[in-house]
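Shown below, as structure tokens, is a lone chain in the form predicted on its own; questions about how it binds or moves come after it.
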């Protein structure tokens, strides 16, 4: 991996080369930077002083701030500017002639061209992705390079499949802990998806499961789910996967009224079996502050009664039906069988999953699973990128 592909840590030590500073000057209270590609940055002195990364202002091991914002004068101004021999911007401040040194690539990225997303998402229907992006373990082992490719696929497509793995009981936990801390829920820390008479979820039956996300009953549902097929002898039980974001984007284009309803009407999801009583209300399609897709919440078999006015009920159900019909249609939903030794890892807040019914009398079927959070995957991708760069 080249240095230009490295995603840097969030301070100005490790940024790869980009643009150089052509000139710099103080204009009133602003620091004006002209770059060698003729772009310009207007930088506030308070922002620059707050981001000083010298040993007095930033702990050199933890990379956490030592400087307290309250100790910076609100009207601070730069005394002098210099571009040193390495092209860094050096600013001298009034306070005991304190000097801050800024990597030009860091300045450029944070004032002109913010870093690109760690992984660019690619939305898909079955025409674009008829089956999961698939990777193969060599002799049952997952190298760091293979793990990296798998996690990038999760970031890009929302899912990835690993094949040719052992069927050991410990494999799911060992694999998950290589990525991050296991996200514990009211289900077992490591759970077995098998047909059982006393199960507290439809997942523990042999019935058909429509497209859904897991645990929308919680304020923050688990971001990542891992399922490992240990036994796959039963007839039926094909896995079903849908890109919930692709469905959402298409509804936004085709049915903008439904999209508005799906992003605003809150449905409650509730656990109704066992001693726990988790419940949460949120829209089917969750957006971030910028209006970008953040999550999908849909668990048809745990949906509680809708709380709303009589006038709103018809549209709320029409919009939800529209989403469910698309999410379970062949245009959007891939279908594939599990083989023993397969492992699927997917974004539980983007990818809806389900299964066809299976006959428990035709043979055994056993999946073992667990959850992680999304930021564990992103952190591991960054960690591996830095590792590959240091090894190169």
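These figures come from a predicted structure and were not determined experimentally. Residue numbers count along the first chain shown, from 1.
Absent from the display: the form predicted together with a small molecule. The rest refers to it.
Visitor: Counting non-hydrogen atoms within 4.5 angstroms of the small molecule in the model of the complex, say which of 262, 107, 227, 251 makes the cut.
Guide: In short, 227.
Visitor: Which one of 193, 319, 172, 162 is close to the small molecule in the model of the complex, taking close to mean a heavy atom within 4.5 Å?
Guide: Checked against the cut-off, the match is 193.
Visitor: Spot the stretch among 36-44, 321-329, 363-371, 56-64 with residues whose non-hydrogen atoms come within 4.5 Å of the small molecule in the model of the complex.
Guide: Only one stretch qualifies here: 363-371.
Visitor: Does the small molecule come within 4.5 Å of any heavy atom of residue 295 in the model of the complex?
Guide: So residue 295 does not count as contacting the small molecule.
Visitor: Tell me, yes or no, whether residue 350 is in contact with the small molecule in the model of the complex, where a contact means a heavy atom of each within 4.5 Å.
Guide: Result no; residue 350 lies far from the small molecule in the model of the complex.
Visitor: Might residue 49 be said to contact the small molecule in the model of the complex, defining contact as any heavy atom within 4.5 Å?
Guide: No.
Visitor: Taking heavy atoms and a 4.5 Å cut-off, does residue 150 contact the small molecule in the model of the complex?
Guide: Close contact is absent here: in the model of the complex, residue 150 is far from the small molecule, nothing within 4.5 Å, heavy atoms only.
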